[in-house]
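In the form predicted on its own, a lone chain appears below as structure tokens.
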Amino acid sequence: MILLAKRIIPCLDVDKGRVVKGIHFKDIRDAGDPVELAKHYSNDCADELVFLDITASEEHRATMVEVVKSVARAIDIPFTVGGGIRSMDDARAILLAGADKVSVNTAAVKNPSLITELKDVFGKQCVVVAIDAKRSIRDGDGEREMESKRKRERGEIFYEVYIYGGKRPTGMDAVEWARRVESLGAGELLLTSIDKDGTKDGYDLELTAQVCKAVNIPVIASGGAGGPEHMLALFRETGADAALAASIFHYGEYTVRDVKRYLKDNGVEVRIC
């Protein structure tokens, strides 16, 4: 059996033309110029790049097409763009600007048929559905930690889908939504744990494992990477096809090559440049 190489994917969260990074989708700080960072990651053996215009949906505007064009010209690896893509015309503009795939989140929740439309016109391989999820209690009564523990034991805690850059809860179960978007034609999922985002204490392995078991399309796991050991745990304990990270790469703690050497040394199949 041929083992497919696991992918390591840096993420550019872009706001007002700059790459930024936060914790739990908040406390945003500057991380650099998107074109320069993209060029660096392309040269550093990244398998793909994800570009997310993180305020486009909330601000009800289109993705920054000119920035996307500049990034596309600077790299020679697959490139996924999301944020503010609400229609076929939006997606077409992003693909014509140089992206290989488009990622939809808020628009897919509000209009699920968009997923199928994108698949029918551009092909399944171009359609990524992003799912931002957070642990929630079904009755939402905000009980104490001990009560929450009891609820978890009774199975009343679930992963809730959030939209508008992680700011608005939907009441939807992330695992059920993952199954549905696959049936609608998504070719890949970008799964982000809001609880883990920016914490650097590891991916949400429970969330990722549940979603991976529920679908038969590739899953990119995001949120919580603090080092190569977290990516190793992700690949050993879940069916994730790719690990996405931002902070550890943007601020020079690790390079993509560092991560890949560590994974290779620990038995994970990765592409080595």
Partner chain sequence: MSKIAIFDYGAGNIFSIKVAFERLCADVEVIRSMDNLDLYKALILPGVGNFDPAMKSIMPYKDRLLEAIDSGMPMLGICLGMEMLFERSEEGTLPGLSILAGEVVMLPRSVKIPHMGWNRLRIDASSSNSSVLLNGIEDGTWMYFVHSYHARPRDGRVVSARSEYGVEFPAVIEHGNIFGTQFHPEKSGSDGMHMLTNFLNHIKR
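As the structure is a prediction and not an experimental result, all values here were calculated from the model. Residue numbers count along the first chain shown, from 1.
Below, we refer to the form predicted in complex with the partner chain, which is not included among the displayed structures.
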property: Residue contact check: G227 to the partner chain in the model of the complex, 4.5 Å heavy atom; result: no
property: Partner proximity in the model of the complex: D89 to the partner chain, non-hydrogen atom cutoff 4.5 Å; result: no
property: Proximity of I75 to the partner chain in the model of the complex, heavy atoms at 4.5 Å; result: yes
property: is_contact(G187, the partner chain) in the model of the complex, heavy atom dist at most 4.5 Å; result: yes
property: Segment that reaches the partner chain in the model of the complex - one of 244-252, 45-53, 230-238, 200-208, heavy atoms within 4.5 Å; result: 45-53
property: Heavy atom within 4.5 Å of the partner chain in the model of the complex - the one residue of D100, E176, E117, D195 that qualifies; result: D100
property: Members of 197-212 lying within 4.5 angstroms of the partner chain, judged by heavy atom, in the model of the complex; result: none
